[in-house]
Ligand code: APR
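The chain below stands alone and is given in structure tokens; this is the form predicted on its own.
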């Protein structure tokens, strides 16, 4: 099952389990830990007192109490000490052990904060990379829904240099200066192609043709359905519909598959058209995706964290 990134309050997430970035005592603290204990009520602390603490990188579960979730999984992230003391392995273990525990509890949906990126000092972009990579690897063999919740944290998930370069690219296409409202303005005549821009309404979905193109490209790349789902950020159930040539994909789903299979923007456009869509220079998300594809960046984790940083919709099967 795919994952998504949101700006929200983790204590209000309507999921089976939320993950708490706890300390080794499990008795509450500041930041996300304090907010979760406060929202869950005093019964959470009483249960935590029976658990005997938790080692760094490990995870333990409690009930959700006054929170909308069934369970809270408490995990202890590493304190950043320069990167030479196993911090990355420990941080990855936090995500892996939490997800495995959620699976043991029968949970279908999990929400994570960004572990160790606050008071524990883990470099923000590195913490994002470890989180998304660890979640993506787990979801290659799982149908769980996973959300990374960025509320209360710095939300720029790409480095400043790339952020500024993409902003300039967007503004040069005259779709409105970055930081304004929704991008729905038409381009000036001098920047448009001689023919009117094709809209999604003018295209017709060829589900069978799309299925054939996907199957052919998977064979060329020698990847199976699980790997395709991981690369495209889609579920196995959606892939079954695609391979059967049935159903209309959303544009984010089609773009996710294009990211998984396309060699460049041109081949991505061909896949999109079979699904009934095309790139639009008046949509910020499309412009960003085209920019990344032109740069050879098609990894779904990199694409989605860039889109999130630029307030554009993510790719894949986003619920």
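Positions refer to the first chain, counted from 1. Owing to the predicted nature of the structure, the values given are computational and were not obtained by experimental measurement.
Omitted here: the form predicted in complex with the named molecule. The next part is about that form.
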So the named molecule isn't shown here. In the model of the complex, which residue out of 210, 239, 71, 120 has a non-hydrogen atom within 4.5 Å of it? 120
The single option of 28, 252, 276, 285 touching the named molecule in the model of the complex, heavy atom within 4.5 Å: 28
Do residue 44 and the named molecule share at least one heavy atom pair within 4.5 Å in the model of the complex? no
So in the model of the complex, does any heavy atom of residue 35 sit within 4.5 Å of the named molecule? yes
I'd like to know whether residue 114 contacts the named molecule in the model of the complex, with contact meaning heavy atoms within 4.5 angstroms. yes
Is residue 21 close to the named molecule in the model of the complex, meaning a heavy atom pair under 4.5 Å apart or at it? yes
Could you tell me which of 82-90, 98-106, 214-222, 143-151 sits within 4.5 Å of the named molecule in the model of the complex, going by non-hydrogen atoms? 143-151
